[in-house]
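Taking the form predicted alone, here's one chain by itself in structure tokens.
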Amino acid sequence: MPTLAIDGGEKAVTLNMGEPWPRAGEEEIEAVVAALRKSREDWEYLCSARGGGPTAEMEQRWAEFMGARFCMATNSGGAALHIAVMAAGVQAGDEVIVSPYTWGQTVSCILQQCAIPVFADIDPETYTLDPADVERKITPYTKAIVVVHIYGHPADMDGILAVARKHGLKVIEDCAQATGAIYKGRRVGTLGDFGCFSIGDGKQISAGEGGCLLTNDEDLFEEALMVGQHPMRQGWQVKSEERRRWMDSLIYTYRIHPLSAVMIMQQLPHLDEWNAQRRQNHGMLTEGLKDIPGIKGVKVAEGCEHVYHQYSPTFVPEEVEGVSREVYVKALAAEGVPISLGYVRTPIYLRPRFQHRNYFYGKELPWSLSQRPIEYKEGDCPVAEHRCARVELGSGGGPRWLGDQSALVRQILNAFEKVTGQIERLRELTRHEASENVMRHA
């Protein structure tokens, strides 16, 4: 039996983890150079304050590709989310329901509006918001739902939208990790009232920094323009006289750089092809993990197309009894497997800023504006808590797994077989680690 790499043996995985990502291809480089030359005659190739030029062209292409009426380019996915929360009519002290199992920006957009995040639990298979728990968390103060398509897997939008429409709530889709993902024949970001995208590092399309907001509602689009764009753009796109009276330079500067828009237009035509390659490669990994003890591959719900910003399988401790998740991960990582203890690790509401009510405003804002007592405690979202504490894993190649990665996937699966073929050694390492921890804390 081969010696485990954690014990000094040779690594099972020797191939590179895929091409570097993000990267700029020759198409993007040539387009940016051409745009810089055009900027000598047209200032909108260097400034998007008016919202014309390449910015307007990119917005039109993005809206058409996604299947939405209106698109607004922003400087980040976080900016798009904040604009959406404001345009949805959320005011200081209002409540917004959100997932605790996500990147913090999904929640920060609520705090940035001085509103109160209320957390609903997740589905144990897809890790996305559980519509039944969303409905349980609604109060008279709830104004909106922010739903995240975590890791690139679409949330249960039928369930979420049914709850939202029943209670008159706006739905904001956080699609930062899910550009191009499909839910029952429609692209995510076009199902709710707003769809918000990130075009930054590690996403399916990466143009340096950028983002965008989608909506099918002209009235909501005008609201978004009023809070997130320069008055020069508002001047020719906002039609409502009531809104126009409020046009001013008292704004958030959330516009995209035109050169990012130029790069996006070069990558967008390749998105479906790239996502298909990511699905193929990660699908091979899921298929190969089926008979490996201690791990369950990523589930893709019926009617959904995953786009794999990250691959987050699940540790199954009962299949490797006596082996800790930490030792399991260490042994696989030593073999060269791209694996970690996971991405979220701690539900958002159990983190220090929530436990101590210490956001950037001070004076316990926004919670001091709450219209009822708000607590964040263990047990609020048991599925999310269990996943973070016991079974969450991170693996795979994410957006960089383009082309044919079958040889790399085979090496990774061989590493899993090598490690799980020596369970007794993993148990020994687990006991040793537990003993060291006891001595360390004695």
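Quick caveat, the model's predicted, so the values are computed rather than measured. Quick note: we count residues from 1 along the sequence shown, nothing fancier.
In what follows, reference is made to the form predicted in complex with a small molecule, a form of this protein that is not presented.
Residues 180, 275 and 304 are none of them found to lie within 4.5 Å of the small molecule in the predicted complex, as judged by heavy atom distances. Of the stretches 99-107, 213-221, 265-273, 180-188, only 99-107 has residues with a heavy atom within 4.5 Å of the small molecule in the predicted complex. Scanning 237, 286, 112, 76 against the small molecule in the predicted complex with a 4.5 Å heavy atom cut-off leaves one residue, 76. In summary, among the residues 148, 256, 72, 145, the only one with a non-hydrogen atom within 4.5 Å of the small molecule in the predicted complex is 148. Although the partner is absent here, residue 343 is a contact residue: one of its heavy atoms lies within 4.5 angstroms of the small molecule in the predicted complex.
At a distance threshold of 4.5 angstroms between non-hydrogen atoms, residue 172 is out of contact with the small molecule in the predicted complex. By the criterion of a heavy atom within 4.5 Å, residue 332 is excluded from the residues contacting the small molecule in the predicted complex. At the 4.5 Å threshold, heavy atoms of residue 129 stay clear of the small molecule in the predicted complex, well away from it.
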